[in-house]
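A single chain, nothing else alongside it, follows as structure tokens in the form predicted alone.
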């Protein structure tokens, strides 16, 4: 089967890329080994976060943040986006000193979206926070969306523009045939001019077949959600130096993250929970917010996520093959950037001007240079 572009991976990066390409009239096929939004893009916490980004990511993240408020209208779907602000809590004066130092760096780069708040304002915004907390930092535009709904919205919008999605077809072989790429699954063959690797936790396997080596690892970040509770927190909440992350939804349930990792079995498409770590995470939330001591956990899960050594993604061209592109390794914080990453990938594939510096995200940034 011939097509202009094949995208490997049906997460939010792959679906967003498919949408932006199809909207420009490009013939695109997405190959997903399971089903769209099966892994990281369907089971993450849904944070739409500009706060605390690595400085290399800030331009992309700011551009993505500008897109989220109108995304429902553009995609003709409900992404579940809510702008609620995000507050990272300072537990002590050492945390506040960390915030002051970061503010100096950010202001030096011209970024003023992170605003430090004192203990009084923290308690005004979060009345149920523990008395030991001394302040924090807030980004007013931040919030959350529903991961599965958002990814599916991009998929359906892409399909309306003519994109084709093929699920349940794992890529087994990739090779170059003249100027084109030949991609083989167990049952089918696809020939295309451009190949885009958005394969998430399996992306380094695709990279090797393309001709690029990359030190990608994978893990299983865990989440848990409570039964409904009285409303006590409007902002999304994190912490400066402790593993704290949660948000209370409109129905009263509280989603708790924090970065604790379970057990990842990538070869068998499975994850297992580490209940000891989950218990530590629950205890940590209750220390910051004593009201959470009464919470009942309703459900717990983990997803497979791809990580780079520097926690920055790979975005850009292959260094060893023509007409091959990568967008993966978002290290558990790529969901928010999905709308803009798809646009950037479409620019790369179509030869349009890219308005961002992608040098920090190049795939060969860890390779030793021979002098």
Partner chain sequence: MSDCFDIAIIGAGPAGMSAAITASAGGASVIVLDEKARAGGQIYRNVTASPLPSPEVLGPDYMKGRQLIEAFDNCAAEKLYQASVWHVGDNGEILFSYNNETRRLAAKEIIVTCGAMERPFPIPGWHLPGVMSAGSAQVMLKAEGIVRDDAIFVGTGPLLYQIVAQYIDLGVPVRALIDTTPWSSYASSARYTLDAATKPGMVVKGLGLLGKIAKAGIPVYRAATGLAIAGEGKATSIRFESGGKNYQLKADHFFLHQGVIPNLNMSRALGLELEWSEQQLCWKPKLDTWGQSSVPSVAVAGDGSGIVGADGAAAMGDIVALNKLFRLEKISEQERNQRATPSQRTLDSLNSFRRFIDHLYRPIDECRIPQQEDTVVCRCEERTLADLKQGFELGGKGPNDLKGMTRCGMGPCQGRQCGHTVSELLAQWRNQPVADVGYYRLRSPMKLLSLTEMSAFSEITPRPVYEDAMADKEAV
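Values in this document were obtained by computation on a predicted structure and should not be read as measured data. Numbering follows the first chain given and starts at 1.
What comes next is about the form predicted together with the partner chain, which is not displayed.
Q: Counting heavy atoms only and using a 4.5 Å cut-off, do 23, 137 and 144 all touch the partner chain in the predicted complex?
A: No, because 23, 137 and 144 lack any heavy atom that approaches the partner chain to within 4.5 Å in the predicted complex.
Q: State the residue from 278, 117, 206, 244 whose non-hydrogen atoms include one within 4.5 Å of the partner chain in the predicted complex.
A: Only one listed residue qualifies here, and that residue is 278.
Q: Quick check on this chain: which one of 157, 295, 240, 192 has a heavy atom within 4.5 Å of the partner chain in the predicted complex?
A: In short, 295.
Q: Heavy atoms within 4.5 Å of the partner chain in the predicted complex: which of the stretches 23-31, 56-64, 298-306, 337-345 has them?
A: Of the stretches listed, the one contacting the partner is 298-306.
Q: Test of understanding: in the predicted complex, would residue 255 fall inside 4.5 Å of the partner chain by heavy atoms?
A: It does not: once the partner chain is placed as it appears in the predicted complex, residue 255 has no heavy atom within 4.5 Å of it.
Q: Taking the partner chain as it sits in the predicted complex, is residue 228 in contact with it (heavy atom to heavy atom, 4.5 Å or less)?
A: The answer is yes: residue 228 has a heavy atom within 4.5 Å of the partner chain.
Q: Does any heavy atom of residue 112 come within 4.5 Å of a heavy atom of the partner chain in the predicted complex?
A: Close contact is absent here: in the predicted complex, residue 112 is far from the partner chain, nothing within 4.5 Å, heavy atoms only.
Q: Counting only non-hydrogen atoms and a 4.5 angstroms cut-off, does residue 272 reach the partner chain in the predicted complex?
A: Judged by the heavy-atom cut-off of 4.5 Å, residue 272 is in contact with the partner chain in the predicted complex.
Q: Just give me the residues of 30-56, first to last, that have a heavy atom within 4.5 Å of the partner chain in the predicted complex.
A: The stretch 30-56, when checked against the partner chain in the predicted complex, contributes 35, 43 at the 4.5 Å heavy-atom cut-off.
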